[in-house]
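A lone chain, given as structure tokens: the form predicted on its own.
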Amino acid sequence: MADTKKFLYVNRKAPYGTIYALESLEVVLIGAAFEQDVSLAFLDDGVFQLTKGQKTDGIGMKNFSATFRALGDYDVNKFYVEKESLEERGLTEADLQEITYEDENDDWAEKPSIRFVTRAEMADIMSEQDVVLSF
């Protein structure tokens, strides 16, 4: 797999009110189906996509937040969340849903998919990718 390109999907928008968050998730699923090396980044209002207890009844939109927890089944297990974006929005790590994957290289141990990184670390992660798509 030496020629596998690394794709980073950058999520900057709130989960509802626009189609960006849902479209990003759909493109991630397509990329994973084609065995791309897929990572997700959540910054700015995109951190709200991972919050616990989302209720969408009042806005008439489908709540798709549970789909993030299924991405590990598609070998998508690198979720980078920018610490500063959380702090700027009054959120903490505890406000986010738990997203895990089973590590086949470690006797199927369940491990967290979310990695909390600083803004500087996020810039480094972005620079290491072959393709960066922003939503």
Partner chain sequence: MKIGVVVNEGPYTHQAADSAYRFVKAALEKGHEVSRVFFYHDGVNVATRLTIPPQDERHIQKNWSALATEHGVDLVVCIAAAQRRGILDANEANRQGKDADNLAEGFRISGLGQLIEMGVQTDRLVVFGD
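Numbering follows the first chain given and starts at 1. Just so you know, these numbers come straight off a predicted model, no measurement behind them.
Omitted here: the form predicted in complex with its partner chain. The next part is about that form.
This chain lacks the partner; the member of Ala14, Met126, Val117, Leu22 within 4.5 angstroms of its partner chain in the model of the complex by a non-hydrogen atom is Leu22. The single contact residue among Ile30, Ala70, Ile59, Ala109, judged by any heavy atom lying within 4.5 Å of its partner chain in the model of the complex, is Ile30.
For the marked spot (Gln36, Val132 and Phe135), a heavy atom within 4.5 Å of its partner chain in the model of the complex is present in each of the three residues. Although the partner is absent here, Glu26 lies within 4.5 Å of its partner chain in the model of the complex, judged by heavy atoms. Scanning 38-76 for heavy atoms within 4.5 Å of its partner chain in the model of the complex gives no residues at all.
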